[in-house]
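As C-alpha cells, one chain now follows by itself in the form predicted alone.
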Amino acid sequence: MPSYDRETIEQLIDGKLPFRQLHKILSSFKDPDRFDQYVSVLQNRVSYRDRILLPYGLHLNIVLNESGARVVKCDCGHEFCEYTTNWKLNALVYVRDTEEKLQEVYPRFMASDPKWMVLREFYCPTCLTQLEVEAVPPGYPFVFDFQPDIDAFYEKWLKRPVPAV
C-alpha cells in the first residue's frame, strides 16, 4: 500500500497533480493516516483554532467550535450554522434567472431557458468566496447536499472517539 508525503497531499488538495498520479492515488487503497494528513493540511490553512472534524466542501469544514457545537465554517472563519442545518440558508445567494444573467457564464445559445432552470450561486457573507452552484427549476428549495454521520465515521471507520472540546 503506497503512502504519500504531506507535499503530495497538498498538491492533491490544490488540484496540482498530473492526471495519472491523481488517478493512482484516488483509485488505490488509502494509507491509514491519509485522513489525518488531509485534515492537518486543511487545519494549517485556516486562521481559526476550532478543530476540523470533517472537510465539507471546497472552503467549507465541519468544525468543533469553542462551545462544543459541530458547525459548518468557511476557511475565512465565517460560521454558518450547525451541520445538521442547511448552511446555504445562511449564505449570500445570487440567482441567474434571466437570459442576460445566464449568458454571463454560458456562450450564446448554450444557456438553459430561465423559465425551466436557474443557477443559484452561494457565497460566504464574510469573504465572498463562491462555495457552491445549483442548477435547479425556478422556485425549487435549496438542496441540502448531505448530512454526514460524524459519530459513525470516527467510531466505525477511523476506530477512535470523536474529538471533544
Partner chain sequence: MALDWERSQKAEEGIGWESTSVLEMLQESERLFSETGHYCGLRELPFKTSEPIRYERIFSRLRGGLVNARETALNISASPIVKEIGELCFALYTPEGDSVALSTGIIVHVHTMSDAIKFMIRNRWEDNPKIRPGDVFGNNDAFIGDVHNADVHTIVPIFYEGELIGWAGGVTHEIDVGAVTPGSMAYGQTGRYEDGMITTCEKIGDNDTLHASYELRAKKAVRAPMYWLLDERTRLTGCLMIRDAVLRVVQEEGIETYKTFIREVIEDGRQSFRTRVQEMLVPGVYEAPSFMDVPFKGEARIPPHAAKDTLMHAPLSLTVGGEGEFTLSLEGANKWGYHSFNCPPSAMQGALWVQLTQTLIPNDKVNDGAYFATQCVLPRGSWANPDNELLSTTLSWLFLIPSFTGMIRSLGRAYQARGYVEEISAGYPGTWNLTMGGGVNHFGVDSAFTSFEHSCQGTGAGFVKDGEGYCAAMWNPEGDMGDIEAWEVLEPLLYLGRSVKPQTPGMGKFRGGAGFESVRMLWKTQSQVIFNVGEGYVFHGAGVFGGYPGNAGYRHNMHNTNMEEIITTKSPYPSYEGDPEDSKMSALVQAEYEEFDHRSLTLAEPYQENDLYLAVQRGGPGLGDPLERDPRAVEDDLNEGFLLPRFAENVYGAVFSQESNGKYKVNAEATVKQRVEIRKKRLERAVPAAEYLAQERDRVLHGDLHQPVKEMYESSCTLSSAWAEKYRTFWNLPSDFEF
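Values in this document were obtained by computation on a predicted structure and should not be read as measured data. Rigid core here is just the name for the largest C-alpha set that superposes within 1.5 Å across the two forms. Positions refer to the first chain, counted from 1.
Just so it is clear, the following notes concern the form predicted together with its partner chain, a form of the same protein that is not shown.
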Is its partner chain in the model of the complex near all of G68, C81 and V162, within 4.5 Å of a heavy atom of each?
no
Contact between Q43 and its partner chain in the model of the complex at 4.5 Å, heavy atoms?
no
Just checking whether A91 would be counted as a contact of its partner chain in the model of the complex - the rule being heavy atoms within 4.5 angstroms.
yes
Using 4.5 Å between non-hydrogen atoms, is R20 touching its partner chain in the model of the complex?
no
In the model of the complex, R51 touching its partner chain (heavy atom, 4.5 Å)
no
Where, within 125 to 139, is there a heavy atom within 4.5 Å of its partner chain in the model of the complex? Residue list please.
C127, L128, T129, Q130, L131, E132, V133, A135, V136, P137, P138, G139
Once you overlay the rigid core, does the Cα of K156 travel 2 Å or further between this form and the one not shown?
no
